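Next up: just one chain, as structure tokens, the form predicted on its own.
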């Protein structure tokens, strides 16, 4: 079977040597680039399928330079202003809920939220769970599947929270650029500050899995 694919970390493909891979300079969760930009996403897919024309492998090519957007800043590269404004994550969630539901309605229910299996109306509980974990409490959620450990469950929760915020912001600011939404999350929201604090806390835990999750959690 002839195969092709996309890789976010080029070094992984160099080590594994799969038959054909397109290396893209995007963050985890954005393998096709900008959210809600199907025209650009189809171009990335076409570049991936073009590798099927290579008759010998392994093939590892980078996304063409003229297709590479401005690289988004990571959370650790921004200064978060939410504490100066007295914001908190739980209240932000409540305020953004109507915009998130507007996004759902306008996209026939399509959403990137759902990996944690926790309904978005229970996300205030997720915030308490994360805050307790950072404080060193023995905290957990009844929704966590038995076969998923706490570090991986935290990763799934953060993915859902970020998707909730990004989709709500896209409904709130439909003409907003991908970079603007990304910078807004990390520099202006209390949730961005909470995720950064979680990443910092997990990186200091003497556990390789926690440290691995911390590496990708604030991007």
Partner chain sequence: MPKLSALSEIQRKSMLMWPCIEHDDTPWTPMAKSLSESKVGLVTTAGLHLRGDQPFRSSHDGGDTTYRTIPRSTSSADIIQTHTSLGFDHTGIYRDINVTLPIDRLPELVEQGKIGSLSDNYYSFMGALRDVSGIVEDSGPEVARKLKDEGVDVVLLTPT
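This structure is a prediction, so every number in the text was calculated from the model and none was measured. Between two forms, the rigid core is defined as the largest C-alpha subset superposing within 1.5 Å. Numbering follows the first chain given and starts at 1.
Omitted from view is the form predicted together with the partner chain, to which the following refers.
Under a 4.5 angstroms non-hydrogen atom cutoff, the partner chain in the model of the complex lacks residue 205 among its neighbouring residues. Contact annotation: residue 147 falls within 4.5 Å of the partner chain in the model of the complex, judged by heavy atom distances. Not displayed here, the partner chain is approached by residue 114 to within 4.5 Å at the level of heavy atoms in the model of the complex. In the model of the complex, at least one heavy atom of residue 38 sits within 4.5 Å of a heavy atom of the partner chain.
Proximity of 80, 97 and 121 to the partner chain in the model of the complex is absent: no residue of the three has a non-hydrogen atom within 4.5 angstroms. Contacts with the partner chain in the model of the complex, taken as any heavy atom within 4.5 Å, map within 8-27 to 8, 9, 10, 11, 12, 15, 16, 17, 18, 19, 20, 21, 24, 25, 26, 27.
Core-superposed comparison between this form and the one not shown: the C-alpha position of residue 54 differs by no less than 2 Å. Core-superposed comparison between this form and the one not shown: the C-alpha position of residue 13 differs by no less than 2 Å. Superposed on the core, the two forms differ at residue 36: its CA moves 2 Å or more between this form and the one not shown.
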